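Structure 1 and structure 2, given next as structure tokens, are two forms of the same protein chain, each shown alone.
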Structure 1
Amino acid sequence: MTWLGNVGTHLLACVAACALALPAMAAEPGVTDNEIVIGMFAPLSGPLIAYGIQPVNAARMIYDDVNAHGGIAGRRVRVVVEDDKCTGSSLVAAIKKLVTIDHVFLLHGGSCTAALAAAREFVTREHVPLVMLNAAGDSLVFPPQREFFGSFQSTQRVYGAALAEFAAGPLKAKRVAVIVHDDDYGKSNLASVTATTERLGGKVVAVERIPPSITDVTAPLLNIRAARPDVIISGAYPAPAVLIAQKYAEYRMTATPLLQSTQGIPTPSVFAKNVGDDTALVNFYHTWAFNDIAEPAVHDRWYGMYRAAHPEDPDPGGFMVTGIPSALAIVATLRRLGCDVTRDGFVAAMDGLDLQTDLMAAPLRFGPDRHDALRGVRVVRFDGRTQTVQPGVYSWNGQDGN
């Protein structure tokens, strides 16, 4: 329970200190004697609600828990939630409302990197810290920007690098085939797979960039089969990921391991049911940034907490946990600030974050020149029924594919 801290002992000291610091802080937006306002935004409508509704609920659960335990330095956390629809214009409207109408202290949200990028100039100009919820694209944290903190469940660079490393290491693969989408996720996934593979002495023998709307994956899989790879790395989204696994089995390619990035497999049991044929999964691996698969105790704790906090949603999907790490990082940083809560102070404190949690595969770390929190993920073998976490954490070295 590192993140909860020693609430009782600090409380009195802080309240006293805050009373002294009060006049200096009156000007900081979103912070009063007894309240810190956090502006959250995520897709609550439209095609991508799976990345918004439950993660936001999970983050709120963390804040509610903090409040239930006395708040942070005597202040309660108040959350204002807005819908961003995962479109640029709606997201910018949401952020501008949160900042200029609700006067929030910081922004916490964003599930879609491309939409979030539309807010870059405004956030930078207003100097509002923006902690990304679960966006897994790279464009806002590479190169790092002062106000943006992200990659709490890692980014495409990490997924790509981890799978390439796993392929070169335990699987001893020399020839790698890559299948990704023709969007920003696909671009950075491919870049880091290529760079890592080449660094480790392997070779990318086939690159297939497919549209997310693809209905027939025959062509890319024929191309891959013709390239005779030792391993196939896929960065596809859920529906194409299923089509790929099916076609891969149909073409008897299951001797070649199939490695899938997280975004294609939100809930493994549903994925297996969709593929419909466990023989497709005899040699199947995927990345996962969380420890809830490896350790049932971790799973039970966080899912139990969610069910208690949101009894109306008793069966959360696999992406629910993606709302948690960023909230934990915010709470930990606010605690370190104590009562002297300013935006500049928050940014500086975030830059020094080094948070070890039971939930994440690796520590969440920031630095002045590093605003991507998580660089290590686990690789999980999945045969359609059971998930076996492979030993070790696979990490991105911070350079490949930059």
Structure 2
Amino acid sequence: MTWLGNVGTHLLACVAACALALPAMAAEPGVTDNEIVIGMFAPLSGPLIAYGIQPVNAARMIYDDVNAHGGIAGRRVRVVVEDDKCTGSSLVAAIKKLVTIDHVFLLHGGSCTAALAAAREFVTREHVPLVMLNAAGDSLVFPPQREFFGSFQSTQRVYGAALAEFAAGPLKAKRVAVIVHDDDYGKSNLASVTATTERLGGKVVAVERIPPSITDVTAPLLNIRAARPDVIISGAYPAPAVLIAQKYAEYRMTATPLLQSTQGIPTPSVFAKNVGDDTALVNFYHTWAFNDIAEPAVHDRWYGMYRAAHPEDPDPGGFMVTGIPSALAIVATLRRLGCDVTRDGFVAAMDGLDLQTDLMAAPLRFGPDRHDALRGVRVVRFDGRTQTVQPGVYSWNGQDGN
């Protein structure tokens, strides 16, 4: 038995019904009587490759499993993959090829919000559904746009609110320092942290905005230390997050908890190795949208499935699972459509998605006024070797940080 469950009788009935209906159906790009073509794209080269290769492989694993069990109403899923390098120009070129040359039915991809934003005009004009792979930026889902569905591992508003609520609750912090990037990610994270902190009776006593390309965080960390916060919340990307943790230890600030948003720690073991100092992680926490750390059976099932599907990659990192939920949502939606697979029908069906999986910390839900899938995450304590999930799921209330 796979995650698909027992679909035999229902599948045969759908295939028979579709066989009768297909001659009368109008042609739709990427849909034939025996296949549905999905265009995938992600960073498969360059410095952010960790966001792409294993998540793409995980998503393809889901599609391959669907095909192994009869497809969707008798149609196999065929995937065409392009490398977007996490740059706007490469991403736009990739999706233009997928739509105009490969004639895909829908787009499934994107690990970098800024690069995805460059494709907004083309996707909107072509009315092609785009389901984000694992991008976590807010700008493409607030306000919701008809063709874009995302935040399958939450948005910066969720990460910021979760860390601020955890700081105010279990850590009993009143004075909060925030270090974020000077981009849309940082703006959303900061707004959510600030609003949640103030709502819970605390105060943001220091704010440092840094460029993603920063190579020296001495001044920001000195400013934060001078503010004497009870907790430090970071929304940094992987490389700056490592610098922050190193300087935080160097300045002997480790009595103050350091809370990191998910995007800065895609693979905890690699993060710890890059930091290279165990003292930097004695009081370190991060957000995580999945149940694979908290529940060993869930971890074993999904990672075992990945290893079986990709024996060439027997040691997947923690970020592998970020490619799974968006693929599950696409499959669930296509199954709801049955025989009549159209782009308009897919968008309408996604707007009604309500999917609970064992993998995610909270349900995946969309609506016409909501295209951010996940609003609840966990907080994990990480000492460089062991990850300890903290009690509870921390949710964004939909208002803080608007």
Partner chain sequence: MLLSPLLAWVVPEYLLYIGNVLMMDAMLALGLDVLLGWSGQFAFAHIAFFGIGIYGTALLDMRAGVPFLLGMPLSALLAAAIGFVIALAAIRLRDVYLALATFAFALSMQWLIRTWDSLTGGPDGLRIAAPALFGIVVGTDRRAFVPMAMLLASMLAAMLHLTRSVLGRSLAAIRDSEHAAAASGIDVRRSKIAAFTISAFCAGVAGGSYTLFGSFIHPDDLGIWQLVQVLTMIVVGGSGSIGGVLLGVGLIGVLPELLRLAPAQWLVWQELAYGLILMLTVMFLPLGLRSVLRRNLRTTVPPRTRRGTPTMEHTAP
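Computed from a predicted model, the values in this text were never measured in an experiment. Residues are numbered by position in structure 1's sequence, first residue being 1.
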Problem set entry | Form predicted together with its partner chain - which displayed structure it is | 1
Exercise. Through what angle, in whole degrees, does the smaller rigid part rotate relative to the larger one between the two structures?
Worked result: 10
